[in-house]
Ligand code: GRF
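Take a look at this one chain, the form predicted alone, written out in structure tokens.
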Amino acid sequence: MRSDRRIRMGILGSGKGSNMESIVEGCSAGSIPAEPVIVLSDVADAPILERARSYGIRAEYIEPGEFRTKLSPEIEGTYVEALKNAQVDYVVLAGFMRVLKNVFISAFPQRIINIHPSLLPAFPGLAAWKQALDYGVKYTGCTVHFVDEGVDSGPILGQEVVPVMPDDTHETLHGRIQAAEHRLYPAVITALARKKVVVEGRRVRFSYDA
């Protein structure tokens, strides 16, 4: 990818799209040197699609197929084709509730990123804030990571710590984690856009404040 232009992002989401909105707002303000060019969803009426269209971003529903937690190889191919036609440099997952497999991973090696609402490797999978609160930890947070074929198991790009308060409920803790996500995800995308990322095994090196 050329270094003299804004990186092109494809964003995938299944829900409201609050992380997408924080990223798009940063791009519009010029603080993130990137351009969201397409938003795809596996849910026909997902609010993320309408939010994207309100910003003038191309937004499409692609039918997810027969599986509940993943896409079939054929449908992964349809998503990949749409993203490649949009000439994306990075694929950004913003609440996309499907595990990506080989067709997707091989098409965008170390160019798919995700945000997860815990300090990985603790509490992977669904409703991580509930897992953390129910376990009784004193600190949790959020993690941005590269996507591999596992569940929330790729190399870690960045993390932000969120303390667990004595009177927290699932909802209040989730709300504070989401606020941290809206800070962390744009920061990581900015760093990816501005600096060469070096991956050495599971260790990732770059500067956030470049």
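What you see is a predicted model, and the numbers here were worked out from it, not measured in a lab. The numbering used is simple: start at 1 and walk along the sequence shown.
What comes next is about the form predicted in complex with the ligand, which is not displayed.
J.: Decide yes or no: are G15, A94 and P117 jointly within 4.5 Å of the ligand in the predicted complex, with each residue judged by its heavy atoms?
T.: Yes, the whole trio is in contact, each within 4.5 Å by some heavy atom.
J.: Report yes if any heavy atom of E181 sits within 4.5 Å of a heavy atom of the ligand in the predicted complex; otherwise report no.
T.: Taking the distances in the predicted complex, the answer for E181 is yes, it comes within 4.5 Å of the ligand.
J.: So in the predicted complex, is the ligand close enough to N19 to count as touching (4.5 Å, heavy atoms)?
T.: Result yes; N19 sits at the interface with the ligand in the predicted complex.
J.: To test your reading of this chain, name the stretch in 157-165, 58-66, 173-181, 34-42 whose heavy atoms come within 4.5 Å of the ligand in the predicted complex.
T.: Selected stretch: 173-181.
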